[in-house]
Each structure stands twice: as structure tokens, then as C-alpha cells.
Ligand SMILES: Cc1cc2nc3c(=O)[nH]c(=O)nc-3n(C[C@H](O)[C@H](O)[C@H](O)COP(=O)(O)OP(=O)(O)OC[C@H]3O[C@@H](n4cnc5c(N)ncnc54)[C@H](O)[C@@H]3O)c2cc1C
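Encoded as C-alpha cells, the following chain is the form predicted on its own, with no partner shown.
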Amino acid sequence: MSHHQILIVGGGTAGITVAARLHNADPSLDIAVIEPSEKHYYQPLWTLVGGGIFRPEESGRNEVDVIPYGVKWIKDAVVAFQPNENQLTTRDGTTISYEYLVVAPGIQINWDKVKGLKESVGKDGVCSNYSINTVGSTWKFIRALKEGTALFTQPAGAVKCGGAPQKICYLAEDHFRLTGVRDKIHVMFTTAGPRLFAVEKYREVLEKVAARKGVDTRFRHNLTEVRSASKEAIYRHMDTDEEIVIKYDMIHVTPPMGAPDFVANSELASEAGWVDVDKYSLQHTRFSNVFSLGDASSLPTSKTGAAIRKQAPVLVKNLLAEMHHEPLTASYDGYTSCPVVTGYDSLVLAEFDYDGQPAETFPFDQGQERFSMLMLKKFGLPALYWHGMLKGRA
């Protein structure tokens, strides 16, 4: 059995940011990150990859290059937690013990919860921005479509960045218009939810965007099956349970997502399957030496990298306080951000807190579509991510 003072599960945005901040705070700490992947991706770029602005490979780096110097990388995957024994088990059968645990493995994509999706995604007009293996097909099918119905979906439950399913719809609509085929294409956006966005200020803006672009919006529609041979999307209406069939020529699917199985089936999980933490301190509600942040946590905010940027310093301050038997004074207010791309030259930068109140960074109304904010997403935020967040500096 190996042992580490601080063990971090997950080498994604949350895990690496926390590792870097802990190491910066005290280089003598014994920190290890468990992460099975060879590649680390800046996933917010995948919307722009799907829209043909960037190539898929531009979103990734080698994992070894983002692990902070002085932090050990354990290239393995966790399969079970034993929090009462302060240890966990990995896929290769190794048991690793810890003094403090940070759980940040991200969110699980449940492709198989939509019948026919796993087999068809990436071909026959079925695409998705939610995997490095399929994001290239989104641009391929958008570019190839000259007439017919372009369908975009958003499922029930939590997904990475609640506004992301709309972004690719607006980019596709803009591409159709710029290439002169818009009047031959019926653009539809379907969502299992009752509205386009949870925060009132941005909901009103996005409803006007969808109306201006002539996007046919359908609410309470939850995709249950893709029949790629007949190009039919099968929905279940969330209120009436009615089955609805919509024909398409291309379909971009946002798949259902959930907590990773090894988290949901563990003693660390809340009733909903996420790591059960206090929403302000990010400390586990039952195991005081366990903390969590990011997509796998129970924090009731949108699952975004921007949220992690605000969660990480709180978690690190409180974890160090716990180690020194001091009160946990840092508090996370639920801040998150969703840069909603509305076209090839515009973006609405939504920022808000736990109460759904705007928490905007800039001294102007971010509810307006702006070219400058699109430039921020294309160039500013990736630089902030690679050179700031992952280094523990931002």
C-alpha cells in the first residue's frame, strides 16, 4: 500500500488547479494526483471546434505537461473509496491511503441513456461536441448541410455548462446564413427544461436571440432515442409522457450526464450521487478530511471551469486550515460563468451566483451581445486557463 499526505482524484481542471495551488502554498506537501488520461483538454474550446473555428487538437495538451512540478502523477483510475479507512482502490488493484482527500473526477457522459446514440454518434448526421472523438464531426455535418432540418438537443439533468447546447445551435444558424442556405434549413432547439436559461436576465436576452435567428424552440422535450437509419429523433414529453418523433437531416446531441459510477456508488455520495459537500466550505458533510469541487461535487451551481476557478482557492484555504486544526473561514458564493456564443461575431457573458443574481466582472451590461466578449472566449480565457488557472495563479 502506498500513502500520500494529500491525494487528489482527477487530473482535470479542478484537480490540477487545486494541486497547483496547494503546491504553491507549501512546496513541502506530499501531493499525488490520480488520473488515467494521457491528454488534458480545455473543453470550453469544443464549442468553437464544433463551429469550425479551431481544430480539435488545439484544445489539448499532454497530461504530463500540466501536472505541477513536485506533484506525483499516479496514472491509474479509482474504482472504490473506503473513507472510513482513509484509503481507496484503483483499477489495477492498488490500495492507496491518505491523510486528506480531494475528489474531482469530473462528470460522466452517459451515451447509452439515449437508445441508438452510442452506435451512431460521429456518423450519419449524428454529432456531439461532448467528446474529443466526435467534436470534429459536428463541423463536418454543419458544413455539409445545405437543406433540411438541423436539430439541437439538451437533456434533462445537469450537463457541463448549461448554456453550451445552445451555443452550437447559434453558431450553426450563423454558418447557414453566411453561406446562403439559411432559408432552406429549419433550425430547431429542443430542451427538457422549461426555459432557455435559468437566470432571468440572460434568459430574456437569449429568447430574443433565438427569435431573431428564427430558431424553432421546443421545451420539455427529452431525447430518448436516435434512429439514425430513418433519421428520426424520439422524445418523451416531460409533462405529458407523450412520445414525439422529429425528423432531422443533422442532429447535434448533448448526451445525458451524471456523477461517475465509482462516486455515485460510494459512501461519499449524496442522494443524487454527487460528492456530498457543504456548499460554502466545500468540505464533505460526513468525512472532515475529504473535500470536493467541480463537476463531481454536489455544489448547486452550473458545472463550469469558471466555477472551479472560484472554488479552488476556497477549497485550498479551508483544506490547509483543516490540516492546521483551524476554523474553515473561506466561503464559496456559487459564482459561475457561461459565455454563451450567439454567432461568429457575438457572445453574451453570463456570470451569476447561487441566488441566480448576476455577478458580472466588467463595468458594462454583460447581458448585451458583444464582439469583445467573443474575443475574450477565443483568446483571453484559454490563455488564462493554461497559464493562470492550471499554474495556481488565477
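Quick note: we count residues from 1 along the sequence shown, nothing fancier. What you see is a predicted model; the values in this text were computed from it and never measured.
The same protein has a further form, the form predicted in complex with this ligand, not shown here; the description that follows concerns it.
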{"property": "Open or blocked, once this ligand is placed by superposing site C-alphas in the predicted bound form (3+ ligand atoms within 2.4 Å of backbone or C-beta means blocked)", "result": "open"}
{"property": "Residue 100: touches this ligand in the predicted bound form, heavy atom cutoff 4.5 angstroms", "result": "no"}
{"property": "Residue contact check: residue 221 to this ligand in the predicted bound form, 4.5 Å heavy atom", "result": "no"}
{"property": "4.5 Å heavy atom contact, residue 337 and this ligand in the predicted bound form", "result": "yes"}
{"property": "Close approach of residue 170 to this ligand in the predicted bound form, 4.5 Å, heavy atom", "result": "no"}
{"property": "This ligand in the predicted bound form: contacted by all of 56, 136 and 138, heavy atom 4.5 Å", "result": "no"}
{"property": "Single option in 196, 306, 126, 150 placed near this ligand in the predicted bound form, where near means a heavy atom within 4.5 Å", "result": "306"}
{"property": "Listed residue (242, 204, 232, 76) with a non-hydrogen atom within 4.5 angstroms of this ligand in the predicted bound form", "result": "76"}
{"property": "Which of 186 to 194, 158 to 166, 139 to 147, 113 to 121 lines the interface with this ligand in the predicted bound form (heavy atom within 4.5 Å)", "result": "158 to 166"}
{"property": "Neighbours of this ligand in the predicted bound form among 91 to 109 [non-hydrogen atom within 4.5 angstroms]", "result": "104, 105, 106"}
